[in-house]
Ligand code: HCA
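One chain is shown next in structure tokens, namely the form predicted on its own.
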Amino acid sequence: MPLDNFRIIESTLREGEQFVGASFTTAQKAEIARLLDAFGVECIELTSPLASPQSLADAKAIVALGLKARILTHVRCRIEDAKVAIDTGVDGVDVVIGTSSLLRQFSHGKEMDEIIDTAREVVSFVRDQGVAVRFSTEDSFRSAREDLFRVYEAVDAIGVNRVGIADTVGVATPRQVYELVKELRGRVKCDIEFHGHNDSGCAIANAFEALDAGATHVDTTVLGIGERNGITPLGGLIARVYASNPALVHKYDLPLLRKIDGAVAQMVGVDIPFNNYITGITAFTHKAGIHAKAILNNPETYEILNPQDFGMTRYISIAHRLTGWNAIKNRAEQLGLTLSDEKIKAITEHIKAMADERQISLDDVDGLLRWVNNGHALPESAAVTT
């Protein structure tokens, strides 16, 4: 199966730094790098050392941490840029150039033959320095396929380690990603990387389809932060692959995701979305009565992810009109109360009536359960509290 040996190129310190709220200090970058390394990502990608003097210093500082993850940096497809990148001591240099007609016209002005010549020159130079090299096209899905295959085959022939496909504007569909990667897999021997933006909401699905078609690496960022709507989120990719086969992600320290998401969210000044993959506050919350009953009998009925694998716990919400008596019974048992099914069902109906009158809390439910358990009758009116 193609997903058996996929690898993550974690780009929070490159793509993620392009998020509008990101302005990482050197210390913050080191903290993020250490967390990602402890999580087990295979590669950490850094901002181009040519971006600013501090970016150059930060790249050298991250290299000096001595992490297990391979440290990469991302630069333009130019010999001069590659030289600066190599001098930082990184394990790999990721070079990129735009191949869509829009970027060729409005960015660098090169025709495809010139792009291919430049790619060969830069890839050969980096490879000859004993450093791993990736060549990626930019805006791949608005580029002509024949142009893409020409340049990928050219760099594969001279020993590039990895070629990259970039859905730079988030325009691709999962089917388009699968078809392009599948054909490329049949044309090149090197590894294949996928970088997908989330402008149209397909980043996770596109990344998964890329892997299923034969890609070996996927770019992610924590919480998906990046340019505009960002790219494939680390937690989202893990959730999607886990749902396919949990064994595929057991190589990662899954409970560490919560700490990683929280740390980066604080650094960039955002809250973790309530519905965030795995670490959102409602990710393992169940509310509807029929859901709660089934979850209590067998969590797999409504959970494709096991919260315990991620160091999380499920929560069954019961203080509302949709609650069911099985959930109320479970809460009574948690409180150590002994109530018959008949009493639990009567209490449940009273809770529903209370919730129709006003917003209630778990304390209201617990108070009612204890009230009846102590031998008192249910209040005649739902408006009366115990």
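Residue indices: 1-based, along the sequence shown. These figures come from a predicted structure and were not determined experimentally.
The protein also exists as the form predicted in complex with this ligand; that form is not presented, and the subsequent description refers to it.
Peer 1: Can all three of I116, R120 and D156 be found with a heavy atom no more than 4.5 Å from this ligand in the predicted bound form?
Peer 2: Contact check failed for every one of I116, R120 and D156.
Peer 1: If contact means a heavy atom within 4.5 Å, which one of 172 to 180, 120 to 128, 287 to 295, 190 to 198 is the stretch that engages this ligand in the predicted bound form?
Peer 2: Among the candidates, contact is made by 190 to 198.
Peer 1: Go through I86, V241, V96, M267 and name the one with a heavy atom inside 4.5 Å of this ligand in the predicted bound form.
Peer 2: Partner contact (heavy atom, 4.5 Å) among the options: V96.
Peer 1: Even though this ligand is not shown here, does A166 get within 4.5 Å of it in the predicted bound form, heavy atoms only?
Peer 2: Within the cut-off, so yes.
Peer 1: Answer for S143 alone: is it within 4.5 Å of this ligand in the predicted bound form, judged on heavy atom distances?
Peer 2: Answer no; every heavy atom of S143 is more than 4.5 Å from this ligand in the predicted bound form.
Peer 1: So, T221 and this ligand: in the predicted bound form, are they within 4.5 Å at any heavy atom pair?
Peer 2: Residue-level check for T221: no, no contact with this ligand.
Peer 1: Indicate whether this ligand has at least one heavy atom within 4.5 Å of a heavy atom of R162 in the predicted bound form.
Peer 2: Contact check for R162: no, nothing within 4.5 Å of this ligand in the predicted bound form.
Peer 1: Using a 4.5 Å heavy atom cutoff, which residues in 62 to 77 contact this ligand in the predicted bound form? It's fine if the answer is none.
Peer 2: The one in contact is H74.
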